[in-house]
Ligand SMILES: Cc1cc2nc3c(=O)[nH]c(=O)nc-3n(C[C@H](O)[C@H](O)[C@H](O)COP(=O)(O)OP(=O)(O)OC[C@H]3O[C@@H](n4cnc5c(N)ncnc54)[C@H](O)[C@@H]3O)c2cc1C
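First, one chain by itself in structure tokens, the form predicted on its own.
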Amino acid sequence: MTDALVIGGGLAGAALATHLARAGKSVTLIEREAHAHDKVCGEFISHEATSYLSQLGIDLPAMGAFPIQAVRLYRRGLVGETTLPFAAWSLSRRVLDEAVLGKAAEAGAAVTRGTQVSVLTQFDSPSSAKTSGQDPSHGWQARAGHSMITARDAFLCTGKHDLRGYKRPQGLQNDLVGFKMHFRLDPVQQASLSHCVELMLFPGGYAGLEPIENGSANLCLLIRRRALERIGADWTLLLAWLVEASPPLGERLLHAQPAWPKPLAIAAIPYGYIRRQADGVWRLGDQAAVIPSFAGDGMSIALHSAHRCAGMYLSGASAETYQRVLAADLRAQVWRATALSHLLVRTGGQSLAAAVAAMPALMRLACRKTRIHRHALESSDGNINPSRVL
């Protein structure tokens, strides 16, 4: 029997496995993908994520990460630009996730790839030893491919993909469809994009464009389902409509070369979802909270949840207590970001966002208010303030 079964080898799962293995726990990590792969993600690494990655031994500059220093907002034309109130980086998930997963293996976690957990059940086992705040009479059994794995505790880190029997409820904004494509931009456009992340508003949605390693750029966009249905659910039609609806995006993509034949896509994303109560399993990353992509803090949340979870698990806390503490850590920023995301996909809200973007101080405030609060970061070593879990 392994101490910890970690389901999912993305940032949350790999970081958690690394922390637990370094602490001497036996860890089994199951990752559904056999090889490095891309994910629908803005690929923006804020200062919180940078700190957590450094603790894991990840050197972003050495990996070719691109420094991001400013944000620009466009609504047909340039509306506003401001320097970020913190240091940030950009790196593809294909590269970053592999590096963190490698740290888990180096720490001693047993990593299995190309296998999907299809069944996860809790069982009674009176002889199992108490290793956490979980009831010592219970353990977990998972079917992964043709194998059965038994563990004292289970950690759900499957990102935006739900495990059967553990489906997340809807969030506060559920009508968006996401697309992602990497482009090789024209050299003039790449130089103009420089060290900025650009947020481009269009009717029914918004897109983020930022440079990544090796001279490429990541385009990640969200559009309301009804708007997509009017345009037609075809990437060629959508892209043609986008470059007309957002001239700056059209300019950026002029002569650009796509990296793949078709984009990555995802629907039914439960933005604004926060898990406040446990269901036996420990939930991390997008299984615990989902923040709208424009905020650029999804990776920070994944890494924070791993650090918080490891600290509390190793100190003997229960999954129920952990889930309440993590929800308290994240609910303010997730709520603010979701409220802003609702505005960004509506005509009136876009007008308001444009007015705010014209004032750099307000743009910087919005950036700060959609980050994990510093008190949560400072206390994520496992120490718990009882007043935060009531």
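The numbering used is simple: start at 1 and walk along the sequence shown. Nothing here was measured: the structure is a model prediction, and the numbers come from that model.
Not on display, but discussed next: the form predicted in complex with the ligand.
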{"item": "Residue (of Cys41, Val325, Ile68, Ala65) lying close to the ligand in the predicted bound form, criterion heavy atoms within 4.5 Å", "value": "Cys41"}
{"item": "Option touching the ligand, based on a heavy atom within 4.5 Å in the predicted bound form, out of Ser92, Ser246, Ser293, Gln173", "value": "Ser293"}
{"item": "Non-hydrogen atom contact Tyr271 with the ligand in the predicted bound form at 4.5 angstroms", "value": "yes"}
{"item": "Partner contact for Leu5 in the predicted bound form: the ligand, 4.5 angstroms, heavy atom", "value": "no"}
{"item": "Contact test in the predicted bound form: Ala310 vs the ligand, heavy atoms, 4.5 Å", "value": "no"}
{"item": "4.5 Å heavy atom contact, His47 to the ligand in the predicted bound form", "value": "no"}
{"item": "Which of 185 to 193, 217 to 225, 272 to 280, 238 to 246 lines the interface with the ligand in the predicted bound form (heavy atom within 4.5 Å)", "value": "217 to 225"}
{"item": "Within 4.5 Å of the ligand in the predicted bound form: residues from 248 to 265 (heavy atom criterion)", "value": "none"}
